[in-house]
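One chain follows as structure tokens, the form predicted on its own.
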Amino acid sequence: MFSVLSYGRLVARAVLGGLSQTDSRDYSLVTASCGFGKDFRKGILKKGMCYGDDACFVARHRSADVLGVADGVGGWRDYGVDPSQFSGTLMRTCERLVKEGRFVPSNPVGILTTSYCELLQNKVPLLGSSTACIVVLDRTSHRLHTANLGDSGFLVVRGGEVVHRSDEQQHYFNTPFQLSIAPPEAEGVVLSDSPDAADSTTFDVQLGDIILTATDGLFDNMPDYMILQELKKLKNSNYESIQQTARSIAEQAHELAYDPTYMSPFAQFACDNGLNVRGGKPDDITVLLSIVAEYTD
């Protein structure tokens, strides 16, 4: 029979053994981007990493890796407003805040809030609307903090399976939550959501986890099983391999978007809402593909 002292030693060994197995390495994200605008200019970026009316950014600070995507609402074009200006400025502002260290890794909603407030305070009014998704990897804690407003989003893939995904936010069919700045005469008429309405999540990641962040141009045209098939092409965590796979995913989504006979996720969602729709959904497509790797300077 064990004495109390012997039992205590065994417990102490078990605790110390568990602590010794804790991964003390810093993690980072190796990220590549690819996308297509509806104008068919393949992989062409405007100023501020914009594919069509989509925009994105990838930024690093000493404590975290941060990335984001935004989808400018195309309806503003009917009023003479370039939708890419709002999404592009929003993402550039987020990127600057990160590089300046004006953020808390555990609070990605704060990045969106501060950026949106800066847009509201611009001396020259910047009209428009945009969805937004921000993903933050805290290097030391190995935690991923996310904020998603609207129908852009992310997937986390581990061992060939989706282990986390963002929730889509829609007011009603094809009308996502969005940040907006409207002219005074249109305030109260244009949909405008608060950054605080973003869906926030926090969870631990592991080395080798794949994080795919994208606008709805991807998710409306490619179901999860197709995305997972493409992710199998990832050979390693080298940037070149990630870039090649990101392009492969974006290219397939772009092709499917213009297939009139394909029953896309968007078409299926439309049918579920009583609409007789078939085919892909032509749209701007932005893909940020990341792998969790050990941090190196």
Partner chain sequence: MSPVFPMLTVLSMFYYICLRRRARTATRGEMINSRRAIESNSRALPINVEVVQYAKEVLDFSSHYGSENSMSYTMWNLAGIPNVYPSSGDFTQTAVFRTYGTWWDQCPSAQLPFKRTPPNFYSQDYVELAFEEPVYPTAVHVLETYHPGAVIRILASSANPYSQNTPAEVRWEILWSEAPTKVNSPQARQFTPCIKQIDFPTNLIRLEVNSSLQDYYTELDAVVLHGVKERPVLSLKTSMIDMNDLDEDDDEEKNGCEMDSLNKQFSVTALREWTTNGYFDKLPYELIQLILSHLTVPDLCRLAQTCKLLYQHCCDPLQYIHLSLQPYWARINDTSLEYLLSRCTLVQWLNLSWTGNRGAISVSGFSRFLKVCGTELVRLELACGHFLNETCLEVIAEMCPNLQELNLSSCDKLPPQAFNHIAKMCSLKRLVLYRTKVEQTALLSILNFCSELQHLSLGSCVMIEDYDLIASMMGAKCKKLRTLDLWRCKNITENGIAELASGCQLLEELDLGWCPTLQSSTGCFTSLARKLPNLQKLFLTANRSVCDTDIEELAANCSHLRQLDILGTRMVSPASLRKLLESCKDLSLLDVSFCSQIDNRVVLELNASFPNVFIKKSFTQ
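Numbering follows the first chain given and starts at 1. Owing to the predicted nature of the structure, the values given are computational and were not obtained by experimental measurement.
What follows is about the form predicted in complex with its partner chain, which we do not show.
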**Prompt:** Of 216-224, 158-166, 104-112, 122-130, which is the one stretch near its partner chain in the model of the complex, taking non-hydrogen atoms within 4.5 angstroms as near?
**Reply:** 122-130
**Prompt:** Do all of 39, 180 and 188 end up near its partner chain in the model of the complex, with near meaning a heavy atom within 4.5 Å?
**Reply:** no
**Asked** Using a 4.5 Å cut on heavy atoms, which of 118, 138, 193, 199 is close to its partner chain in the model of the complex?
**Response** 118
**Asked** Using heavy atoms and a 4.5 Å limit, would one call residue 146 a contact residue for its partner chain in the model of the complex?
**Response** no
**is_contact(residue 100, its partner chain) in the model of the complex, heavy atom dist at most 4.5 Å** = yes
**Prompt:** Does residue 96 reach its partner chain in the model of the complex, with heavy atoms at most 4.5 Å apart?
**Reply:** yes
